[in-house]
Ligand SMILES: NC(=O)c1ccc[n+]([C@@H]2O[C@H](COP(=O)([O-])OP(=O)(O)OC[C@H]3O[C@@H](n4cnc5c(N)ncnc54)[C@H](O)[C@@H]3O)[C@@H](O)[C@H]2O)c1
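This document starts with one chain, in the form predicted on its own, laid out as structure tokens.
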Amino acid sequence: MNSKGRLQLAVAGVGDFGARYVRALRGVSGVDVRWVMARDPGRTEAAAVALDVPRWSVEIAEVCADPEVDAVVVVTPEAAHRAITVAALEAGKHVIVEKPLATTDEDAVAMVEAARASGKLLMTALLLRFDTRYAQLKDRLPEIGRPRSIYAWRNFDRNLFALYSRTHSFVENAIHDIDLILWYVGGRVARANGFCRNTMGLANPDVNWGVLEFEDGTVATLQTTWLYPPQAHRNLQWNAGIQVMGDRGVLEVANDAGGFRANTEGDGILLLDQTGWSDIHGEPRGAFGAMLRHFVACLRGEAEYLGATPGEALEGMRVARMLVEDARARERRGYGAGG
């Protein structure tokens, strides 16, 4: 924190999401983005200029040596999360890391242990806990009794999969739904069955279904695919949601079932995002903005932390890996290998 009491943050990663974090943090009161950091010097310097960030580096050690840096935002490719997060925590910096926490159990455990040893906050950006709809569902669970059956879905445009095929979709995308399911059920997964198909021939399957059986008998099904035709994805809501059935009722969130619609000559009918990434008067609102403001409030000691704990993020990773490993074992046995 600088002499004026403003929090000083560094953002590691200068892709689209890194730029989004920089712009959003600039709209949070009392926060400055002091550094951007990435491996490529030319790209990193260009990003610093374009985003009006005063300092840039290709080394996390240089960033962490700055005593004014309070926290590091990790928005690098998933497999690089561990090295930057552990270095920042060991340097006494708080960290918010984009989901998933990591891509392997070993990396995730190392990050959680580093957070525990440092006493600093490690937040995984599981932002749906800050989405009003999903949070209200959590609050109203007592009205329907114990969850018995859960179905979560998350479907994307096929034109985005060339980038996101680098990480298995159970780990990269369904981790949001796994986190919500674990949050809602509050129990432990006993068995996980994964069913995947690779129709595009890329690094990981583009059709993914998982079935989770909890120790208390609750059954949850989750779906994540990349089969939607190309969309104006910067404007459209994702085809995503969750349904929870209990003894006394049903609660459901459906992202693309309502919202703000625009019908223009150029684009036709669009359902515009009002809940996840929306900005109002230059300030990040929606779940993303709420998550960032909560992180900042926790750093200032103004709020008790309510996001996913490192242990919860680690458990979500465990369940995601269970699904991946079951699906791969099924493929080795000759089921679901084809396109």
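Residue numbers here begin at 1 and follow the sequence given. This structure is a prediction, so every number in the text was calculated from the model and none was measured.
The next section is about a form of this same protein that is not shown, the form predicted in complex with the named molecule.
Novice: Note which of Gly92, Gly145, Pro77, Gly186 lies within 4.5 Å of the named molecule in the model of the complex, where distance is taken over heavy atoms; exactly one does.
Specialist: Contact residue from the list: Pro77.
Novice: Within 4.5 Å of the named molecule in the model of the complex, heavy atoms considered, which of Leu9, Met317, Val14, Ala327?
Specialist: Selected option: Val14.
Novice: Quick one: which of 247 to 255, 190 to 198, 111 to 119, 92 to 100 gets within 4.5 Å of the named molecule in the model of the complex, going by heavy atoms?
Specialist: Correct option: 92 to 100.
Novice: If you check in the model of the complex, is Ala313 within 4.5 Å of the named molecule, heavy atoms only?
Specialist: Ala313: no, not in contact with the named molecule in the model of the complex.
Novice: Check Leu163 for me: does it contact the named molecule in the model of the complex (non-hydrogen atoms, 4.5 angstroms)?
Specialist: Yes.
Novice: Does Glu172 make contact with the named molecule in the model of the complex, using a 4.5 Å heavy atom cut-off?
Specialist: It does: once the named molecule is placed as it appears in the model of the complex, Glu172 has a heavy atom within 4.5 Å of it.
Novice: Is Ala38 close enough to touch the named molecule in the model of the complex, meaning at least one heavy atom pair within 4.5 Å?
Specialist: Contact with the named molecule, yes.
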